[in-house]
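Shown next are two forms of a single protein chain, provided one at a time as structure tokens under the names structure 1 and structure 2.
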Structure 1
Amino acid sequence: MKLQARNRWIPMPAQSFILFVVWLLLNNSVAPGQILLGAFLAWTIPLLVSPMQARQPRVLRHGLAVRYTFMVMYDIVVANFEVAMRVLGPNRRLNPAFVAIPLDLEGDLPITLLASTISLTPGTVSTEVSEDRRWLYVHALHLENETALIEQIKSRYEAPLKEIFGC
């Protein structure tokens, strides 16, 4: 898993730029004193907090990350209709269950994104990651086939995340 390199003097350039612009906008002034103070804060604040920041894996496949985002948004819309039909429809029998999904992902960010994706999709909620980070426990509102749910999550969500982050 590749990690982003850090610049020692400007550890978070994007955040520094945003902090500088927000400072000027909040003060509604481009006076030399405000520019100087904004630049000083935009440089020192990231410099002071960067040692506290955990290193995150680098996105290796940006196009796939965009496709993944649109796929998740589509799945959220479709799952909303499926849950609505299951709850409001004529056959209101639900079969809720917990499922343990084996994880092949490594790193906090990819596992968090997988758990968030599952929780964002109506009908499923990520409940816990095991201590050894090898299992993700998911609650499903209606479970017909445990193996099918595990395979769907692994192929539809986990596999693209492995490619995006190279883990």
Structure 2
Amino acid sequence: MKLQARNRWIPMPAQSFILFVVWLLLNNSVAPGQILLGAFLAWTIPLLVSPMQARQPRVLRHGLAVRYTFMVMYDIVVANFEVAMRVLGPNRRLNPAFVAIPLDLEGDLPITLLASTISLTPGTVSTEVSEDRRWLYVHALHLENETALIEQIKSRYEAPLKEIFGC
């Protein structure tokens, strides 16, 4: 796992870029004045807040990260139809469960990303992480096979994240 290197003058390049783009989106224009102001904000805000930020692991494989994003979006749509069917069906056919998933990931950012994907995708909501960051507790709306669920989450979401962050 490689931590982010710190440059003194541009401490958070990715965040600076995101700030710049969001500023232009908010104002909905590419006028020179807005670009100048956006660049100024994107440079000064990270300078002010960088001492508060904890160091996070770096994205190593950018192509895989983009592919992961699209896969998650596709899964969100699929999962929504699944949840819709479960909601419309009768309550007594539901089979809710708490499941503990062993984590192989390290670092706060990858675990947060995994928990968020789990919350948004297949009929599960992440509820809690154990203190030693080894277990993720998940509530499933309808559980058919516990080992299959754990296997699916580990192979489909955790493995790519592990590769992206190299940890």
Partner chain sequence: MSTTVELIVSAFLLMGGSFVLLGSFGLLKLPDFFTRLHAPTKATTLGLAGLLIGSMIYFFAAEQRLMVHELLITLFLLITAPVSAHMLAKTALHHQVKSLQRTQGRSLAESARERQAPSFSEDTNL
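Superpose the two forms; the largest set of C-alphas matching within 1.5 Å is the rigid core. Structure 1 provides the reference sequence; residues are numbered from 1 along it. Keep in mind it's a predicted model, so treat the numbers as computed, not measured.
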| item | value |
| --- | --- |
| Form selected (criterion: the form predicted on its own) | 1 |
| Rigid-body membership between structures 1 and 2: V72 with Q152 | yes |
| Smaller rigid part, angle turned between structures 1 and 2 (C-alpha superposition) in ° | 28 |
| Cα displacement of G89 between structures 1 and 2, once the rigid core is superposed (Å) | 4.0 |
| Distance the CA of W43 travels between structures 1 and 2 [rigid core superposed, Å] | 5.8 |
